[in-house]
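Let's start with one chain on its own, the form predicted alone, as structure tokens.
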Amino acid sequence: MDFDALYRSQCAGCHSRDGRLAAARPLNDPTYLAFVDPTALRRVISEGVPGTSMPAFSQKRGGLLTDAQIDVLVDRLTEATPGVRIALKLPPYSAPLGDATRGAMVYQTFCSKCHGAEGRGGPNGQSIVDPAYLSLVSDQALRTAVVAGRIDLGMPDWRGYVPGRVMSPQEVSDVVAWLASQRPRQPRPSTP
């Protein structure tokens, strides 16, 4: 029931002990922790994220953690965020995808400086349209990356892409739609 022991044994392998250069999003980022919905965080820890490398940790789903242990993780991770959430005026955690055509223009305005004109990588960012990456991340993960950034990788949050201009919630939804539209299409199984 000790947060530090639970985090070290269950989370640090992917999210890192110190929140730097982890394979997965760092969990010590105050913007991310203010942005993430605690109910969604609990669900992700409990059930995992199908189609990604995030496993289910709940004993009910084959993991090692009890519901009480998951509560310890979620409560500690989100305990300091209510004031941050109010101060930041964050876009909504979840929202329908926007318009991919508008999203292409939003991408050019807010993202191309780092990720390149077509998203294949640029001077300060990796490819954001890599088929392997896009096939592993959900639309919500894309939205989270756009809003919360990745402080450990030098990626700003939705307030810092263009100096003096914050992305609107609609622009966030639109650019996520454009990113999602770059996913490789999965072939449909043939029926006999």
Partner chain sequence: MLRQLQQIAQWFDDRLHLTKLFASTAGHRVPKSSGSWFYVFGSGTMLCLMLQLVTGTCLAFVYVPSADEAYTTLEYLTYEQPLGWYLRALHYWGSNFMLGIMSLHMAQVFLFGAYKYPRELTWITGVLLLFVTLGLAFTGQVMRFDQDAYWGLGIGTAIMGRVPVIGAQLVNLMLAGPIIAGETLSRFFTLHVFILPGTILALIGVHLRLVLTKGINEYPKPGVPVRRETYVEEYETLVEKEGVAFVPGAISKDLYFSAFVMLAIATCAAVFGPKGPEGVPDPTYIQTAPQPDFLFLWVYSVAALLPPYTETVVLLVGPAVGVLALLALPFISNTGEKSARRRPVAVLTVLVAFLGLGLLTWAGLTSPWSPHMQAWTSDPTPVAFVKGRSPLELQGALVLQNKQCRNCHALDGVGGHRGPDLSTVATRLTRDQLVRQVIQGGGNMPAYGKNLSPAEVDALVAFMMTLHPANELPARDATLSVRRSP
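Positions refer to the first chain, counted from 1. All of these numbers come straight from a predicted model, not from anything done at the bench.
The protein also exists as the form predicted together with the partner chain; that form is not presented, and the subsequent description refers to it.
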| item | value |
| --- | --- |
| Contact of P169 with the partner chain in the predicted bound form (heavy atom, 4.5 Å) | no |
| Contact test in the predicted bound form: P55 vs the partner chain, heavy atoms, 4.5 Å | yes |
| 4.5 Å heavy atom contact, Q182 and the partner chain in the predicted bound form | no |
| Non-hydrogen atom contact L153 with the partner chain in the predicted bound form at 4.5 angstroms | yes |
| Answer range among 28 to 36, 161 to 169, 134 to 142, 66 to 74 for contact with the partner chain, defined in the predicted bound form as heavy atoms within 4.5 Å | 134 to 142 |
| Complete contact of M105, Q108 and D157 with the partner chain in the predicted bound form (any heavy atom, 4.5 Å) | no |
| Residues of 112 to 128 having any heavy atom within 4.5 Å of the partner chain in the predicted bound form, listed in sequence order | Q126, S127, I128 |
